[in-house]
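As structure tokens, one chain now follows by itself in the form predicted alone.
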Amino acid sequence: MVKSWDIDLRIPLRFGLIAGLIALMESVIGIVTLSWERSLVANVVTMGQVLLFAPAIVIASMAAKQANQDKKLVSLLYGLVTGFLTAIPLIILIAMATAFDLRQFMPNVSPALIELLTFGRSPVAGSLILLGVTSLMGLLAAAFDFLPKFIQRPLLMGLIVTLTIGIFSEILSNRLRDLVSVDFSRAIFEGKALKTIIAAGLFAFVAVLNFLWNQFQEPIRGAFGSLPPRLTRVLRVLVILVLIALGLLIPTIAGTYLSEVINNVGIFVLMGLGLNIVVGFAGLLDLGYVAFFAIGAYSMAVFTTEGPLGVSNMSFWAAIPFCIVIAAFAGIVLGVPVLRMRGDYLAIVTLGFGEIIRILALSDLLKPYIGGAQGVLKIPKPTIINFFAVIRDFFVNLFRGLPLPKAPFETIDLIKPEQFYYIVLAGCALAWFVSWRLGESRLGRQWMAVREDEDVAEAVGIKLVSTKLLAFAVGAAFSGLSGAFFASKLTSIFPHSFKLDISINVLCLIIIGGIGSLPGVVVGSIILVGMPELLREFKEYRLLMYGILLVVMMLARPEGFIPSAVKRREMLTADEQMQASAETESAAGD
């Protein structure tokens, strides 16, 4: 009977122990206790419940997929056993905490945690309830895979959207108070959680919308594909105009705090677009990318500061070109000695270059010029001409018969994050356009040839020296521009702001988003820079949650969230490649 069912109990045993250890770790470090009172859906779901039971649900689903597709009973058994084993480490923790005082070396294993794990019952009764709950969740997770795909996806999307809005409900409720009214906010949120009826309606709306889109996306795309070319261009222009309008309205909708978070994300988008050229397009692993960021920031600081270290008292706009040129020159200086290096050796040398720049910024040698450990202070904010005032004065003087206004005109200091947002948006738009055009150009194809194989690229006539130097120079220029924005945003800079972890974060965000993908850079920046800022209410555990998210993402989507077409093909297995080729040939034949 066992052979006919094709059961391998090692599979649920392995997955169950992994899920149990994850739940145990979450409990021991205290994140379950901290987040148990944080409701996502009022009086229904809390953050602690999601964190505690998610391992059983997710990993049981993974275990159930290991069974053959036609063995549904085996899949259910795998899910049940995985959920059952998830509770075992927690039950051992309950027993040990009941018999011994574990708080001497595990301070977070408190009576409050044990009460949560036992659902307020006795240790024996609570352990049995916990065992039953995790087993049931594992069974339901396995049974969920039996549903058709057109039902699975809407349900998952509705659940994800509802829980995500529940996590950020405090921020959203505050914005609704400011934008609409307090009563409207209270009608949707109850404290820091979604109201139950609103959560149910939101789940149903998203699920139905996703279901309809999955059913009708092909006819819709076919209808748009059959439109006349002129009408297609008009629709594309309208979509672009709508996106631009939404982008310009974001500060008004987001408010001060979210605008500041968006500005930080935008600065990393700029750096990510630059490193994407070096790593994603040209395949040159640069771990010293923060050096160009520091060079751009210090250039802006020295050129514009009103303190004793200022050299020219330039305006922000006059200093920007110099920051870009100096950073690009530094990229060429770095590129010359590493032209013949590849892989790990290139990474080590560029890492050393980044540390050299940071140590020089800290040293007494350059202290008279860039301030040393004291940094550079009194960096002014950007200013723009008040065009509304200029136009107003022009017409007033014209009607009164007075001389027309002349420079200097009235200016506005971009002090608030909502105002500085437009500077960052313009820089990101410029970098995106340049990256897009370079990626589609002959130079972009040369970079990609160098990334695939330098020897073959050189054999077909590509000049490696100029190609690599251009990649380093363009990438460094983008990083210098982001550094200039960073210095002007903070109005003061210090050497400790330019550590190695910035280079690592930028490299991670292009890997997470998808190497060589421009939309992937934006998505990676939002996940790696924006999410930790928005999860500050979870204190020190926010970085742990962030790390768990990265691990899960790399296991689920190793090619990145929005990979480039080349990277997507590289990650396909041989069978998937043959299937994709067959589909392509079939479409061409049709």
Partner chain sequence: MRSRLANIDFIGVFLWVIRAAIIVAVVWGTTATILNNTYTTRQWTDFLVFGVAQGSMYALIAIGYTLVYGVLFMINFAHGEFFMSGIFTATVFLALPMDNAGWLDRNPLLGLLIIAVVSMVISVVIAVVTERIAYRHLRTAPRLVPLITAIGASFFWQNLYRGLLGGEQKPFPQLEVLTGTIPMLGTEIQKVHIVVIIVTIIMLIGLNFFIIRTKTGKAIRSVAEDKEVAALMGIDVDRTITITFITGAAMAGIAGVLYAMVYRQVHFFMGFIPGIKAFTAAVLGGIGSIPGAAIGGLFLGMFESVGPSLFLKGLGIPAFNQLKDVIAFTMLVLVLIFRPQGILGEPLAEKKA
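Take the two forms, find the largest set of C-alpha atoms that superpose within 1.5 Å, and that set is the rigid core. In this text, all values refer to a predicted model and were calculated from it rather than measured experimentally. Residue numbers count along the first chain shown, from 1.
If you look for the form predicted in complex with its partner chain, you will not find it shown, but the lines that follow are about it.
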item	value
Full three-residue contact with its partner chain in the predicted bound form, heavy atom 4.5 Å, for 285, 359 and 551	yes
Heavy atom within 4.5 Å of its partner chain in the predicted bound form - the one residue of 314, 511, 198, 309 that qualifies	511
Candidate from 337, 120, 111, 191 lying within 4.5 Å of its partner chain in the predicted bound form - any heavy atom	337
Its partner chain contact at residue 250 in the predicted bound form, heavy atom, 4.5 Å	no
Contact label in the predicted bound form: residue 260 to its partner chain, heavy atom within 4.5 Å	no
In the predicted bound form, residue 222 touching its partner chain (heavy atom, 4.5 Å)	no
Residue 17 within 4.5 Å of its partner chain in the predicted bound form, heavy atoms	no
Stretch in contact, per heavy atom within 4.5 angstroms of its partner chain in the predicted bound form, of 524-532, 26-34, 43-51, 57-65	26-34
Any residue of 90-115 that, in the predicted bound form, places a heavy atom within 4.5 Å of its partner chain	105, 106, 107, 108
Displaced residue check between this form and the one not shown: residue 285, CA, 2 Å or over, core reference	no
Residue shift check between this form and the one not shown, rigid core fit, residue 369 Cα at least 2 Å	yes
Residue shift check between this form and the one not shown, rigid core fit, residue 28 Cα at least 2 Å	yes
Direction of the Cα shift between residue 159 and residue 556 in the predicted bound form, where the change is 3 Å or more	farther
Direction of Cα pair change residue 287-residue 552 in the predicted bound form, magnitude 3 angstroms or more	closer
